[in-house]
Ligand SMILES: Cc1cc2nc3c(=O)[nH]c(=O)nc-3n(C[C@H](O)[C@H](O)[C@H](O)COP(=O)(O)OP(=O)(O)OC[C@H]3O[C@@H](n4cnc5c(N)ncnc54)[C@H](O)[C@@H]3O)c2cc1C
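Heads up, the chain below is alone and in the form predicted on its own; it's given as structure tokens.
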């Protein structure tokens, strides 16, 4: 505490300059910028309010610099696009005028206003944001940068590919690293794959190389069965309490028992499980870490379809893409048709965007009221790469691909889609509010399922596809 009293009311001695940007029409097409200027010009403490077509341009910066040099203003509010784009620009302009760069406040009236609102509502919201920024600017005090010593240590949370690669890169630059993984295994979700698209490299080979580098590096300490349960400190000097506990979930215990019973080699990555770098702890223990940097590489978990979603959980002929990939790993070579669980698959339907790009009012929310409204980015390529492999190795299996949009992100990934089209994969496009219907053929027909879809590629024709297997391309969810 100090003797200085903090006031929540504007300081009448502060002279705030407000500088509003048209952003070449990005803002002014939807916000009446001149009306906002007129309204905020009369606010307490505001000395001037000016507009410019491009406030980030040299003439726009000159407006600010001239007012500061003349003493007209001693606090600056810029109302324009996102501060991530031009915060450094305006701070630099203030410094060139001979003033402290921290007398500046920003109001984002593009991303937060003109790009999401229109008309009078946009103008009203812009006025409120600028007025709030002006009030805050009057509370600003010049700041001076300080330097603190940082602990020369990094902590990486997550033992998947991202965490492993990060730990190696930091350690190779001379810093000690602690890698924290909550399961007994390293490899994350990549360990649940067979091959990687588009190179078709085996996932186990990739992980053997990465994990091998991590375990061999003298500056990397690996803590498995570990989670952070305490946190303190500040940037550059953090204190972590890390607790290691024996595994308790049934799936992990079953895997460990299988490894022990079957005497599986733990010096290499175990397919669909991962690398076991050390035996799990026999009893709980707590470790304290002093670290200067924390990297969160906590990965994801695959979306689990609701019971009955596309028939999942109701029919053994409906599975997820991760399940299919694991079942295909043991597929014998030289067979004309794919075989899954001893069943010959003559016709297979793959459905995209299950648990991704969900839309309020169309898709049901989960128990917590949550929807995965984002694109998971990897599902399309994973689906098409699997379809290609089936068509190459089991040409007697016909693959039908039902999608909302194909999005093959990443270098070389478009070739995966092109290969699927050439290999004879049959595509059908559906709308979000008219998803495919999976129906059981209980007593009739040669196939256990029929999938009906209104196909946008054939101008709305309804298609019924007989299927031995339906595969759901599930998206990503944050890890629990």
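Positions refer to the first chain, counted from 1. The structure presented is a predicted model; accordingly, all values stated were derived computationally and were not measured.
One more form of this protein exists, namely the form predicted in complex with the named molecule; it is left out here, but the text below deals with it.
- Only one listed stretch (80-88, 391-399, 130-138, 314-322) carries heavy atoms within 4.5 Å of the named molecule in the predicted bound form, and that stretch is 314-322.
- A single residue from the set 275, 113, 180, 338 has any heavy atom within 4.5 angstroms of the named molecule in the predicted bound form; that residue is 180.
- Between the options 122, 328, 190, 294, the residue in contact with the named molecule in the predicted bound form by a heavy atom within 4.5 angstroms is 190.
- Within this chain, residue 195 lines the site of the named molecule in the predicted bound form, having a heavy atom no more than 4.5 Å away.
- None of the heavy atoms of residue 304 is located within 4.5 Å of the named molecule in the predicted bound form.
- Under a 4.5 angstroms non-hydrogen atom cutoff, the named molecule in the predicted bound form lacks residue 231 among its neighbouring residues.
- The shortest heavy atom separation between residue 102 and the named molecule in the predicted bound form exceeds 4.5 Å.
- Of all the residues from 148-174, those having a non-hydrogen atom no more than 4.5 Å from the named molecule in the predicted bound form are 157, 158, 159, 160, 161, 162, 163.
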